[in-house]
Every structure is written in C-alpha cells, then in structure tokens.
Ligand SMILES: C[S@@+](CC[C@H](N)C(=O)[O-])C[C@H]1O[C@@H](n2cnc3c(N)ncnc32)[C@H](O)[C@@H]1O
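What follows is a single chain, given as structure tokens, in the form predicted alone.
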Amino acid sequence: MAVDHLSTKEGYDRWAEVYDTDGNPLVALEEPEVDRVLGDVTGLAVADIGTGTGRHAVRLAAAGARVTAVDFSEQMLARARAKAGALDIAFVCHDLTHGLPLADASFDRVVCGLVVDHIADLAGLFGELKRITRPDGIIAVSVMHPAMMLKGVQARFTDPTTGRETRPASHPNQLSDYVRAAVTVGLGIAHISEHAVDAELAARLPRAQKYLGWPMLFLLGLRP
C-alpha cells in the first residue's frame, strides 16, 4: 500500500476528521491507565499537553478538574472545542517544540498523552512539563510502545479524502530515551508500566486482534 509521509502538524490536521471514530486500540488501552496514574482530579488544575481532539481534557473536566489544553493543530482543537463540556476548558494553540506558554508550578496534574513519539528533544519537553507542575503534582506521560515499530507500526491513519495510509512524522525513541529524559531534568519516576493487547480489547476492537499479547502502550508517572 502506498503511504503518505507528512509533517507531524499536517498529519494531525488531516487526522482530525476521523481521529475519534477510527477505532484506535491504543487510545482505548491508554485512557483508563492514564486515569489510574492521575487519580482523583476533582477541583485540581490540570494541563493536557498535546490535547488533540480533547479526549483527555473533556473527560477530566467532566470529572471536576480545571483544565487547560494545549495543541498545535487548529483542526484538532476545532474538534475539541465542538465537544460537549468544552466551554469549561481553556484551549491554547501552541507548538510543543517551544517553551509552553504556561506559568511555573501552576498545575496539580499534567497529562501528555500519545505525543512524545513525535518529539525529538525529549529533555526539552520533559523539562517544561516539570516546570509547570506543582512540587506535589503528578505528570502522566503515555506513548505507543516502541515494540510496535518492530511490526512496522507508527502513528498512522487512513486519510478519508485520499483513502491512503498517512503517517505524521515520528521519532524512533526507545524506552530508555523516555526514562533518560525524565531523569536528566530531575523528574522522579513514581510509576512505570508496559501494557499489551488482551483478549477483551481484541474482541472489542477488530484493529487490535493482530496485536494480541504484543506490547502497545508505555506509561510513565512522574513527580517534580
């Protein structure tokens, strides 16, 4: 199959149309695990860094958090802003490869979900996540497990306009790269886990069946 390789931003601008409806098993696997790391967010200030279509932001706002959501794709943000509950969320359009336009130590919880496989300067981003998190806060970072690359898989979707497989630019970061970046900027590792596709997920989402038993998600819980 022919594959279109795009910049990360252009890829996600195009992906916005189908991101929430294409039955992505990684998203289904990731969301409950992120919630476990974040814990109860009622009344807390939460930053969703790389919010995309706002899937974390909307859920966390509904759980009682005061959410600020950041992304560089206006198309993704348009989808997020159109969702029920989005009026309670502060959206910011910003490129994560530059310093975050957020105040120091201003968030109790920070989530960066399925983003860091598109980041070359991991220490730069992790340093910014640390900077905006309060001293007693928690940072949840999730990413497609690098083992997926052994199956030739990276972030990808079928473009509804062209019908072609489309891949936003990614970086081949390894587990050690994520851990080293966190340690380099002085973050403590409170949680680290790897998650594979199980029979329940494979039965629920057909796209997951060929990955049964294979590591799909890597998750870090970090503290300043």
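Quantities reported herein were computed from a predicted structural model and do not represent experimental measurements. Counting begins at 1, following the sequence as shown.
Keep in mind the form predicted together with the ligand is missing from the figure; the text below concerns it.
Asker: For D136, is any heavy atom within 4.5 Å of the ligand in the predicted bound form, or not?
Answerer: No - in the predicted bound form, heavy atoms of D136 and the ligand never come within 4.5 Å of each other.
Asker: Is L114 close to the ligand in the predicted bound form, meaning a heavy atom pair under 4.5 Å apart or at it?
Answerer: Result yes; L114 sits at the interface with the ligand in the predicted bound form.
Asker: Would you check, heavy atoms only and a 4.5 Å threshold, whether F72 touches the ligand in the predicted bound form?
Answerer: Judged by the heavy-atom cut-off of 4.5 Å, F72 is in contact with the ligand in the predicted bound form.
Asker: Check R55 for me: does it contact the ligand in the predicted bound form (non-hydrogen atoms, 4.5 angstroms)?
Answerer: Yes, R55 sits close enough to the ligand in the predicted bound form that at least one of its heavy atoms falls within 4.5 Å.
Asker: To test your reading of this chain, name the stretch in 64-72, 195-203, 38-46, 173-181 whose heavy atoms come within 4.5 Å of the ligand in the predicted bound form.
Answerer: Looking at the partner contacts, the answer comes out as 64-72.
Asker: Select from the listed residues M76, L129, I89, A140 the one whose heavy atoms reach within 4.5 Å of the ligand in the predicted bound form.
Answerer: After the contact test, the surviving option is M76.
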